[in-house]
Structures are given as structure tokens and as C-alpha cells.
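Only one chain comes next, encoded as C-alpha cells, the form predicted alone.
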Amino acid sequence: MRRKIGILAIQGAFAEHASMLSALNVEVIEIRQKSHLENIELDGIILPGGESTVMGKLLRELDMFYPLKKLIEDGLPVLGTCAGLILLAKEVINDNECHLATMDISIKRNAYGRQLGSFQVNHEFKYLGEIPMTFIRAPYINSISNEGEILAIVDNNIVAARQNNMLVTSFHPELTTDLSVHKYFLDMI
């Protein structure tokens, strides 16, 4: 049976995730309004990179915040990349505002500096081996609860983790040609 993955498509790098999933023969549903969360059976959802403050504001304005939070809390598999990681974090060290707060992690926003501080490396990702990682104004995970699992560390910073149905990366796996992270996410379903 073909999997159906929703991608939050209100802001950010959703088209790039859609391309990755299409390459893996996955049906993609762009989530743009509340009814998409309520009326479509999804096997998982991706919260893409972009601007977390804008995404959080739009989730509330479009009345999608609580339905999305409930789906994740009820066990819907979710992949949060960069801004998506920020949306899922229970604590943001350098910001007073948390958003969905479903994953027991503490993070630091823009930890790698401004746009000019963006970089790409090949680094080890637990279970996947060495993969390319693209960091753009990326956060990193400062701490994770005992329920979570660290999946990747770059420069002594946690940049990928999993807790139950939630997988997060500081980097943008959708900005490379490597499908490993998306396959790993699909294997969680």
C-alpha cells in the first residue's frame, strides 16, 4: 500500500521535501488548511525548514495549531527539519516562545549564526552511515530527555534525534540528493 505523507505547506522548503518523497513513490499531500489535517488519512507528516516564528503564527491564524499538535501527541509520525525541529521543541533557550512543544528537547535557534554561517558537511548519522548535511541558520539540540535518542552530532552539537514518533534534524536533508533520512522516516511508519 502506498504511503500518504502530509507536508506542512504554509511556508518554507516544502516543495523540496515533496520531490524527495515523490522519488520514493510516496503520495504527497500539501497541508495548507485545517481541513487537510482533519479530512485526510495521513501516514506521517513533515514540518519543513523555513521560519519557525512565521510558521507558528500561521498555524494559529489558520486554526491548524491544535489539530496538528493532537495528531502528533496521538502518535502520528513526524519529521521536523530545521524550523520544524524548533516547532516541536519543548524549550527554546534563546527565545521565550515555544510552539507545538511535543518533543522533550531543549534547542538553541540560529545556533550556527546568520545566513553566511551556512555550511555543508558529510557526517555520521546513526543507522545510516555518513550522509550529507546542509545547515542554514540552523538550530542545534542542547539537551534531550532520556526517552530520546541522539542520531547525529556535528562539532559537539546534537543535530539529529528521535523520540517515539518524532524525528528531527537541524540540517536540511531535502537540499541534497541523498534519500536516507526520508527513507528512515518512512521506516518509522
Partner chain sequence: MNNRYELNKNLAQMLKGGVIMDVTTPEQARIAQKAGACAVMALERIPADIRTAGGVSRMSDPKMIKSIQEAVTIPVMAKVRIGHFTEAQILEAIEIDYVDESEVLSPADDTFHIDKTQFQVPFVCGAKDLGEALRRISEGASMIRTKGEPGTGDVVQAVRHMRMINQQMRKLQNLREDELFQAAKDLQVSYDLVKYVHQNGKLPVVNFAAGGIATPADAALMMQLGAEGVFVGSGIFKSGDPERRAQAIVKAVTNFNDAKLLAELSEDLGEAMVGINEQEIEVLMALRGE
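Quantities reported herein were computed from a predicted structural model and do not represent experimental measurements. Residue numbers count along the first chain shown, from 1.
One more form of this protein exists, namely the form predicted together with its partner chain; it is left out here, but the text below deals with it.
Item checked: Candidate site Thr53, Ser118 and Ile136: all three near its partner chain in the predicted bound form by heavy atom within 4.5 Å -> Contact check passed for all of Thr53, Ser118 and Ile136.
Check: Heavy atoms within 4.5 Å of its partner chain in the predicted bound form: which of the stretches 158-166, 140-148, 60-68, 39-47 has them?
Finding: Selected stretch: 60-68.
Margin query: Using a 4.5 angstroms cut-off on non-hydrogen atoms, would Asn122 count as touching its partner chain in the predicted bound form?
Written below: Flag for Asn122 set to no.
Check: Would Leu24 show up as a contact with its partner chain in the predicted bound form if we use heavy atoms at 4.5 Å?
Finding: It does not: once its partner chain is placed as it appears in the predicted bound form, Leu24 has no heavy atom within 4.5 Å of it.
Next item on the list: May I ask you to check whether Glu16 falls inside a 4.5 Å heavy atom distance of its partner chain in the predicted bound form?
Entry: Yes, Glu16 sits close enough to its partner chain in the predicted bound form that at least one of its heavy atoms falls within 4.5 Å.
Next item on the list: Look up in the predicted bound form whether Lys108 has a non-hydrogen atom within 4.5 angstroms of its partner chain, and give yes or no.
Entry: Residue-level check for Lys108: no, no contact with its partner chain.
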